[in-house]
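First, one chain by itself: the form predicted alone, in structure tokens.
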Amino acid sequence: MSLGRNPIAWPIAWAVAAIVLAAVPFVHRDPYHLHILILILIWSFAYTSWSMMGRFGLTSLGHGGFMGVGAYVTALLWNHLGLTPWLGIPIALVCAAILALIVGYPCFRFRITGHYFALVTLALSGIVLQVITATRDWTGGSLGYTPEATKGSQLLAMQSGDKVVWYLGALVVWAFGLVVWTWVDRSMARSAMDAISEDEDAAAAAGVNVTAEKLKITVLSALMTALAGAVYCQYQMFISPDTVSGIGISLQMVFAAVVGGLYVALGPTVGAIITILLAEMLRIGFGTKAVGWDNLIYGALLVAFIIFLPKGILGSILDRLKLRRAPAPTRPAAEPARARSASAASPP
């Protein structure tokens, strides 16, 4: 019996997948491979956060700004005030939410959509990058910033040198992103946002509060992206404007979500696998000679996928599987009868 026709099969399949993924670091302990898996999980969560808006036609090029806020606010509060990341991360999320409201409300209130909305968010990403660079006495500027290593409890400082701990933590964060994505997909918010993306005037006439619905999804996406930045900062113990903020990071999110599959929960994860492995192959194969090549490749592939494979890799695969499972069209039963009657009535 197929998974689609058996309501019990899907929970069992997810449970088995969760057990297998959780067992990975205990079966395969290679530090480098675990490091790559951790990066894939963290960036998958970041890309999923972007897809929360992108799937409804809200093309944001400013999510690098939200990620930078999450990373830098958490690190600054720890270094300068000694505030544990367990409290610093919620404060960083509040800052990201306020920033999303400041940018989103005027855009949605005055119907700034499409390319114009993308340009506004692009400016946001650039502004955050410039602020981080300009305040180098506090943030380290373009040289980067390192959270201070704890001299006390690693749990309180949210720091650990154990790859297994970070893998399991990143796995939980990644799963949380999938749960939120699925919750939105099955909620009334999806119907409202689908209506808005098709025709804002018709959605408003039907009783949908267009501005409020757009703000909800924007703030939720910003919160998740800021959380991804904070988790990345705590894991890497080093951040810089180029690694967690700026236009390059925003474009990377767009590329990964579109290439993997914007309308599929696991699509951003597929995109993360591609981006992380591509970056690693370029780093290992060409070293410093390949700096910036990944963004060039992302841009070229993004254009190609938008033209030839708009539903992404995973979305296209699922569509083909649905077509194969669809029953073959059959001729109506009345048609042969009509044909026989017509042949009988016709002269020899």
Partner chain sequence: MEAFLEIFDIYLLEAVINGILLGGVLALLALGLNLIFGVIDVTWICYAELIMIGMYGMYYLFSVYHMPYWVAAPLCILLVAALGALLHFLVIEPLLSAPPINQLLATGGVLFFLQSFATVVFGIDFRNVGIKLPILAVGEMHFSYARLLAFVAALIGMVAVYVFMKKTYVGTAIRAIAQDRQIMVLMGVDTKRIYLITSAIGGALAGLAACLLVLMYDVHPFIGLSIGPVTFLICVLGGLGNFVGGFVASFLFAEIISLGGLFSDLEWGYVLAFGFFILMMFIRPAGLLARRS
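Between two forms, the rigid core is the largest collection of C-alphas that superpose within 1.5 Å. Residue numbers count along the first chain shown, from 1. No experiment lies behind these values; they were computed from the predicted model shown.
One more form of this protein exists, namely the form predicted together with its partner chain; it is left out here, but the text below deals with it.
- Among heavy atoms of V258, some come within 4.5 Å of its partner chain in the predicted bound form.
- Among residues of the shown chain, V131 is one whose heavy atoms approach its partner chain to within 4.5 Å in the predicted bound form.
- By the criterion of a heavy atom within 4.5 Å, Q252 is counted among the residues contacting its partner chain in the predicted bound form.
- A residue is said to contact a partner when one of its heavy atoms sits within 4.5 Å of a partner heavy atom; L41 fails this definition for its partner chain in the predicted bound form, lying far away.
- I102 is the sole member of A202, L277, I102, I91 with a non-hydrogen atom lying within 4.5 angstroms of its partner chain in the predicted bound form.
- Of the residues given (M188, L81, I127, V165), I127 alone sits with a heavy atom within 4.5 Å of its partner chain in the predicted bound form.
- Contact with its partner chain in the predicted bound form, judged as any non-hydrogen atom within 4.5 angstroms, is confined among 143 to 151, 117 to 125, 217 to 225, 165 to 173 to 117 to 125.
- No member of the trio P11, W14 and A195 reaches its partner chain in the predicted bound form with any non-hydrogen atom inside 4.5 Å.
- In the predicted bound form, its partner chain lies within 4.5 angstroms of at least one heavy atom of each of the following residues of 301 to 318: L302, V303, I306, I307, P310, in sequence order.
- Fitting the two forms on the rigid core leaves the C-alpha of I40 displaced by under 2 angstroms between the shown form and the other one.
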